[in-house]
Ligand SMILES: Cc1cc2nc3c(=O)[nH]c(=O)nc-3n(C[C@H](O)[C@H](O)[C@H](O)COP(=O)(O)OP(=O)(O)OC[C@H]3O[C@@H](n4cnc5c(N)ncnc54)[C@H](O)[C@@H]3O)c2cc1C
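The data below hold one chain only, encoded as structure tokens and taken in the form predicted on its own.
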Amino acid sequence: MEGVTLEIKENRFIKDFISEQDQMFIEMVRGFVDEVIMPIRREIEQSGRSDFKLIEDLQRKLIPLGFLSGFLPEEHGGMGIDSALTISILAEEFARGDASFFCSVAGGWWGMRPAIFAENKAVLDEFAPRFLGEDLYVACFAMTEPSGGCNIENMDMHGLGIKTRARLDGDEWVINGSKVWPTNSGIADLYLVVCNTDPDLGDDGIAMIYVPAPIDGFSFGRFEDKAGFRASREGDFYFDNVRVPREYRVAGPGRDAELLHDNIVFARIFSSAWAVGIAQGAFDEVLAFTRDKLAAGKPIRQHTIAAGMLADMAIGIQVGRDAYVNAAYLYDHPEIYGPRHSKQMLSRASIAKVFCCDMAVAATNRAMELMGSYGYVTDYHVEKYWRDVKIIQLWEGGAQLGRLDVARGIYDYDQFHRNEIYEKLHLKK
């Protein structure tokens, strides 16, 4: 990108927020993306549509860098990376190359964080060492269900949308139900499954339970054939009287619900950074194109209308970056800003995700407009960024639930708010 931009990359973040270790990680990932991912982005997509072998080979290259186990506590052999800010800035850098390639890493972090925060010794003693081996060991956080994905993320449902059931039989949990769309489905070695022990218990009925694979009664369907995000695998799977030890539940009644909501907050911050990284990748592409392509005898980006469009993209990217960094910093300091699972934290994380995703979808679309038909062909990768970012906007309840969650932190919003007219209409039924 030399000569393409005058931007000082080191000034994208306020230096008071970024530690020396964070900066080291940024440079390491930036080098990996530029040297390893960028030259073969098209081949990675092709691998996602075929045998997935190239993607697995590339994921193995992350093992010696520590990214597949870095989330583990130091006493369990990891680097103790539990900062949402650190993880988010890594997500942004990976997304500039191929956002979906980072899913194997994200799956482990998302799946194991509840056990780490709950200090579940049984789970950590059993499974943490497996992330430290010389081959891939991948986790999956399984939340979404066929009856409606955002029902589980909706705090007003209080677990009623969770159809996967878990019941205690002696010292074992017996699980029945199904999940759709979990990242790393069908290829993960360990699954954290969101279940319900009793719908009448509300949040106390929410249970998160670890299930190793393969195991009796655990079966898989097909992988989803997606427009983008092809370096990750999503699919459906089914539980038919799957039995796991009692201690594989993350924590217990009430605490599991808090950790679920914590994971949702974390995911929205993480997704915000992912979206910013994709927008940055598209912006880099269009900056180079509009420098080299002439229109009416001068570079496209020297035309006033093009300069205005590029400026709008730059504004959106930097404001989005500031938004997710701000939310991540708040999340990382609950002793100052309140519990990570609170409605206020969910609201702040949702502000970042809704803005960043809307911005990135608009930015990739605008990049294609500046490049004309060239923006639509595979040679320049902007169309790939365009395809990749849309799914981030759609997942975790989408932009619509995200906006409702923003409202929850501003006033006493309840989707099922009771009032006099509601009660009269309800009684007539």
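The first residue of the sequence shown is number 1, and the count goes up from there. Just so we're clear, the structure is a prediction, and the values are computed from it rather than from any experiment.
The same protein also exists as the form predicted in complex with the ligand; that form is not shown, yet it is the one meant from here on.
Visitor: Could you tell me if W181 has a non-hydrogen atom within 4.5 Å of the ligand in the predicted complex?
Guide: Yes, W181 is a contact residue.
Visitor: How about T378: is it within 4.5 Å of the ligand in the predicted complex, going by heavy atoms?
Guide: Answer no; every heavy atom of T378 is more than 4.5 Å from the ligand in the predicted complex.
Visitor: Verify the contact flag for M28: yes if a non-hydrogen atom of it lies within 4.5 Å of a non-hydrogen atom of the ligand in the predicted complex, no if not.
Guide: So M28 does not count as contacting the ligand.
Visitor: When the contact criterion is heavy atoms within 4.5 Å, does Q415 count as touching the ligand in the predicted complex?
Guide: Because a heavy atom of Q415 falls inside 4.5 Å of the ligand in the predicted complex, the answer is yes.
Visitor: Could you tell me which one of L404, V361, M368, I44 places a heavy atom within 4.5 Å of the ligand in the predicted complex?
Guide: Partner contact (heavy atom, 4.5 Å) among the options: L404.
Visitor: By the heavy atom within 4.5 Å rule, which residue out of F52, W395, Y374, F32 makes contact with the ligand in the predicted complex?
Guide: The option sitting close enough to the partner is W395.
Visitor: Only one of 311 to 319, 225 to 233, 88 to 96, 333 to 341 has heavy atoms within 4.5 Å of the ligand in the predicted complex; I'd like to know which.
Guide: Going through the listed ranges, the match is 225 to 233.
Visitor: Heavy atom within 4.5 Å of the ligand in the predicted complex: which residues of 102 to 116 qualify?
Guide: Stretch hits: a single one, W110.
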